[in-house]
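Let's start with one chain on its own, the form predicted alone, as structure tokens.
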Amino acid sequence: MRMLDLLVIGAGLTGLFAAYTAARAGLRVRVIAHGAGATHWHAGTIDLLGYVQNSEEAVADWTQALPELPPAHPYSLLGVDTIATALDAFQRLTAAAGLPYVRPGVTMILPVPNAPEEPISQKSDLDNEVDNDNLGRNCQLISPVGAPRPVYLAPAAQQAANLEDDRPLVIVGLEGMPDFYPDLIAENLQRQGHRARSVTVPLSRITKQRDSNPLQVSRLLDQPLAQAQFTEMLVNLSVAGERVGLPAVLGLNAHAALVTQLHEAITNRSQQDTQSSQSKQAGISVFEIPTLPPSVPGLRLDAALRAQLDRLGVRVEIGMEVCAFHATGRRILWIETETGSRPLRHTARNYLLATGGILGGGIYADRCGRVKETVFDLPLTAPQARSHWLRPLFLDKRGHPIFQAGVSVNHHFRPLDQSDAPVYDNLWAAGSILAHTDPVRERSREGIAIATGYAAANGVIKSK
């Protein structure tokens, strides 16, 4: 059996996109992970850079904000061109998967239900020209409490919530689905000067279940009968010219069909009420607002990535916790994962570490103050004393030092030792495991995942 060219450790957005990049270039790739990645709980958008240190204002254009980041920050190592190329490759992937992600100022295209899959090209992404219109511009979408949140890329069903659009909004709650508060969202939008109102519809019209979470509702809305009943309810409550905002539950597997159906029904009703075709040109009429986990948009993205990997012959194996590794000199020979009987050995020419940071399990911190990288025991940049991990204020604007702990890498994304030399010649690292960044505070988690995963995978490709 031919040896793997690359073994990716971690099945979050970083690991899956890195695996896709490498496999698309012809490498034999496999992904293993202890559990699912952060896609299952983040908003399903691509936050590239929302905030920088010492500034309370949201970043309007990330290309202009990069010089304010530290020299060792992953974005500083990458540069604007590489980041833009990586994000462009991601957009092409999601468009091919029927889940298009769009930038602000770019015409939104509704996902095409049951669109035929295009062959995956093995042409280098560097051969494609990036569209530079509004390249670094963030948009302001609606958070679960009605606050603006800076986002760079979003699925069409979320991008329609762009607060630069001056059309009025109606926020629809679902009675029987907790943890979504339409009155609060509408009130906060009104305080910001937006025309917004709220309404609640009973889920009892489409299900007998009295209490449902977002995932359960989204699966229900994959069914044609429930889709028809839900569409009728929304059409009856909307007013001409309004955008209809809903919790992010618009189908799990039938998302494209439901979004298209709702948009067409609301647009046609609006057109009849106004006797005008203007509403049809105004943009998508229905949008999603993220909810508490489980994240339905995140699950859709995870499914889209895995489907593309499956087409490339890449296996993604969950439930594999690394328990040991062996290296000779500066080369890793194999790693082992736990099983019910004896450890399972995995061998590859190259390894990519994408296990996440301290919140994702890639870094372990105990009550005695010990901080450790969990797979290869790589050197970490972390406070040496437990008393220095956290600042006195929980919401300190500077963030907490422990969340900037991570693995230092060079421009090729190879982990470095204390003398700034690569620890191993066949190891790369990407994503939230990297040092000198605080992705949660910066609102940069997904951007770092895609851009560094892409860069690390290309490093493996070039080294082959």
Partner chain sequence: MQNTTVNSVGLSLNACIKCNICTSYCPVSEVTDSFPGPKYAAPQSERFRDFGHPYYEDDSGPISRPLTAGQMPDASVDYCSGCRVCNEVCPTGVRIAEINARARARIVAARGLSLRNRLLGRNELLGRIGSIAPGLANFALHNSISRKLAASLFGIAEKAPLPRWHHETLNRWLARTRTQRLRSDRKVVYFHGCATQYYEPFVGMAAILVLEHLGYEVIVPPQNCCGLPMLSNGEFSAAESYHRRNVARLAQYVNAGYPILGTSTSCTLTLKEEAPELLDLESDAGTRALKLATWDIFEWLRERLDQDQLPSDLRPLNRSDQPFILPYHAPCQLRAHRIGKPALDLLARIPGLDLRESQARCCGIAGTYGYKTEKYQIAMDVGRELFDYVASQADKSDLDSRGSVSFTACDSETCRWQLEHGTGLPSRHPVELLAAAYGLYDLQARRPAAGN
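Being a predicted model, the structure only gives us computed values, none of them experimental. Residue numbers count along the first chain shown, from 1.
Quick note: we don't show the form predicted together with its partner chain, though the next part is all about it.
Not one of Ala25, Thr200 and Phe230 comes within 4.5 Å of its partner chain in the model of the complex, counting any heavy atom. Stretch-level contact analysis of 58-66, 410-418, 27-35, 423-431 against its partner chain in the model of the complex, using heavy atoms and a 4.5 Å limit, identifies 27-35. Contact annotation: Arg219 falls within 4.5 Å of its partner chain in the model of the complex, judged by heavy atom distances. Taking the partner from the other structure, its partner chain in the model of the complex has a heavy atom within 4.5 Å of a heavy atom of Pro294. Of the heavy atoms in Val375, some are within 4.5 Å of its partner chain in the model of the complex. In the model of the complex, its partner chain stays beyond 4.5 Å of every heavy atom belonging to Glu264. The partner is absent here; in the model of the complex, the one residue of Arg315, Arg195, Arg330, Arg205 having a heavy atom within 4.5 Å of its partner chain is Arg315.
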